[in-house]
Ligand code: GDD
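Read the single chain below, which is given as structure tokens and is the form predicted alone.
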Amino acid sequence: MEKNLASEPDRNQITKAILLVGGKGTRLAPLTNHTPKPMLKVAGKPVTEHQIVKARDAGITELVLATSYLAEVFKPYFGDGSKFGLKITYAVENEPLGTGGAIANAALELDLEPNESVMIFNGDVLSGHSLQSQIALHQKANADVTLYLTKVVDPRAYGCVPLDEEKRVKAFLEKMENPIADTINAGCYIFRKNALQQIPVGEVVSVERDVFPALLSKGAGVYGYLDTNYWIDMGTPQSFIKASRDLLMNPHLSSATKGVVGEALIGSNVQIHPTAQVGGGSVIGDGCEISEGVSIFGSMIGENVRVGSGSQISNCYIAPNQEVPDQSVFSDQIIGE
């Protein structure tokens, strides 16, 4: 077996993390026309808030938000992190540097000890996987990098990551018609400092296509932590709606999810007619009016929306300040923006 780059095991708890929130989210348009994807709300809170709370609950005390697109909207909401129970700083990319470049740029904000490890989260993924178990594998294996992997029924849409019997990563393979494994990169990594330093600073670099294969070629200890609990990549409007619905129906997935009543999260100053039915993991924004005979199931309704009488809405996103006519029937649609 080839030797790890790391000189000795790090038995300390991982307390520092980077959250990659620079993506524009073009596939989520029009939802992302004025809001960066990580700040879109799922189950009433920005995606980034769910991730920050998950990191904090796993023992992270210092977090860098790696921002780029609409970078200015993050700090007014998250501040220095004190209200979330950890320290938050910000690394801004003036030009997008790719996933690897973003990691290298954000790492400059962290003062790392020689053998210290850092947790890294993709900003468009929500998961129910155990960060503590991923950390435990990283430390036990004395790994240079430990990836969180999950299984999918059809891995053709993803690059696959095969493992050997000792959970070492054998290869990083691009999308292919006949994948040799059903395990995929699920977007949460642990990097030891020595592996982090292999990423060039200030260059456009892909962690998947450039960094990981280069580390393997150098004999680094790259391991995969496989966890088949809940995982979703919020790359499309429909997967975003599904993520919100899933969190409300399974509140244990995020401790940031609060205030669910009868399978729905209802905002303030909302008027719901007694004959209306709202459920299935729906979110009703502040100031909405839901008229008589309305049925809303598994949908996200923005602020100050009026839904006309008799309307049936299922698995939809309705943008703020919309007027839904009486007797409308919408299913699996994005309305407004």
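Each residue number is its position in the shown sequence, starting from 1. Predicted, not measured: the structure shown is a model, and the values here were computed from it.
The same protein has a further form, the form predicted together with this ligand, not shown here; the description that follows concerns it.
Partner proximity in the model of the complex, defined as non-hydrogen atoms within 4.5 angstroms of this ligand, places exactly one of 121 to 129, 75 to 83, 237 to 245, 190 to 198 at the interface: 121 to 129. Using a 4.5 angstroms threshold between heavy atoms, residue 21 counts as touching this ligand in the model of the complex. Shown alone here, residue 254 lies farther than 4.5 Å from this ligand in the model of the complex, counting heavy atoms only. When contacts are judged by a 4.5 Å heavy atom cut-off, residue 306 does not count as touching this ligand in the model of the complex. In the model of the complex, this ligand lies farther than 4.5 Å from every heavy atom of residue 109. Contact with this ligand in the model of the complex holds for all three of 37, 174 and 233, each having a heavy atom within 4.5 Å. Shown here without this ligand, the chain has only 66 in 43 to 66 lying with a heavy atom within 4.5 Å of that partner in the model of the complex.
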